[in-house]
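Given next, in structure tokens, is a single chain: the form predicted alone.
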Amino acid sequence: MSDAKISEFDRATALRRRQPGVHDALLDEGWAVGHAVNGGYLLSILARALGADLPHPDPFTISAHYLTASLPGPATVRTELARAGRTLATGSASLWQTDDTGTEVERVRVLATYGELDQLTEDVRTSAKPPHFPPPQECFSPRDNPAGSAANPAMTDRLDLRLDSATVGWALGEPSGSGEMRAWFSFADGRDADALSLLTTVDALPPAAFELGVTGWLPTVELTAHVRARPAPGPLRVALSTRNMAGGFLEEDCEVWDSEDRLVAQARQLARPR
């Protein structure tokens, strides 16, 4: 496949195996939010390394602790197998970068369990319901930002986000107080979603806390994502909510629904407003 046919996401999460359990990565500045690269994007990179090294290909659950801010540039991912079974395998991975003093610094550490999504039973019993909001053409995109497109994070240029107008009061200086954010999610270059990219999707929207009136940078302390199914082609619907900010920390829950109304991913993260 020529580079022209490789999606921007796949190029930005590509790895080069240096030796067993060690991969070289290049963190792309196009996936930055402010000075640091996005936590969901980092999670996809670490998950790609684990998928290459574990005996099962698909992330079922992955928990990341963000130790220091990851910056655009070279990085090293190291993986370790903890246990391999017939249907599930568990491993850990860490992402490292060299700082200005030449010291290697650990940025992210994850623990994950992998399996094979195509072998899951089709039996679904759920009380969860997909979010309902206007179609994409009636929602707001980052290009509608009153502050101008230059005020948007670099990452938004890689995506086609369409935000539910009921959850963008914060952009007009009038947060609703609901603590909710909803949007349609697609890649700008038309790439379909898969299990790996869902790990970016769960951390791609503006924080739901913006609708609580919280402003500024909200770095993630810990993020756990569950991949429930391989998504069908087409745009995804993402719903975020946060109910409690206390002691200088807040939680954010995420649901991702595909074009066939299936809940394909869930996540919860703990963030610390700055």
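Position 1 is the first residue in the sequence shown; the rest follow in order. This one's a predicted model, so the numbers in the text were calculated from it and none came from an experiment.
Heads up, the form predicted together with another copy of the chain isn't pictured, but that's what we're talking about next.
Engineer: My question is simply whether Ser259 lines the interface with another copy of the chain in the model of the complex - judged by any non-hydrogen atom within 4.5 Å.
Structural biologist: Residue-level check for Ser259: no, no contact with another copy of the chain.
Engineer: Consider Ala151 of the chain shown here, and say whether it contacts another copy of the chain in the model of the complex, taking contact as heavy atoms within 4.5 Å.
Structural biologist: Looking in the model of the complex, residue contacts with another copy of the chain do not include Ala151, since no heavy atom lies within 4.5 Å.
Engineer: Are any of the heavy atoms in Arg237 no more than 4.5 Å from a heavy atom of another copy of the chain in the model of the complex?
Structural biologist: No, Arg237 sits far enough from another copy of the chain in the model of the complex that none of its heavy atoms falls within 4.5 Å.
Engineer: Is Arg143 a contact residue for another copy of the chain in the model of the complex, using a 4.5 Å heavy atom cut-off?
Structural biologist: Heavy-atom contact with another copy of the chain at 4.5 Å: absent for Arg143.
Engineer: Check for me whether another copy of the chain, as it appears in the model of the complex, comes within 4.5 angstroms of all of Glu29, Ala32 and Ser165 - heavy atoms only.
Structural biologist: Contact check failed for every one of Glu29, Ala32 and Ser165.
Engineer: Select from the listed residues Ser186, Ser92, Thr76, Thr98 the one whose heavy atoms reach within 4.5 Å of another copy of the chain in the model of the complex.
Structural biologist: Result of the distance check: Ser92.
Engineer: Can you pick the one in Met181, Val110, Ala204, Leu198 that has a heavy atom within 4.5 Å of another copy of the chain in the model of the complex?
Structural biologist: Among Met181, Val110, Ala204, Leu198, a heavy atom within 4.5 Å of another copy of the chain in the model of the complex occurs only for Val110.
Engineer: Counting only non-hydrogen atoms, which stretch in 165-173, 135-143, 111-119, 152-160 is within 4.5 Å of another copy of the chain in the model of the complex?
Structural biologist: Only one stretch qualifies here: 111-119.
Engineer: May I ask you to list the residues of 245-268 that have any heavy atom within 4.5 angstroms of another copy of the chain in the model of the complex, in sequence order?
Structural biologist: If the 4.5 Å heavy-atom criterion is applied to another copy of the chain in the model of the complex, 245-268 yields Met245, Ala246, Gly247, Gly248, Phe249, Leu250, Glu251, Asp253, Glu255, Leu263, Gln266, Ala267, Arg268.
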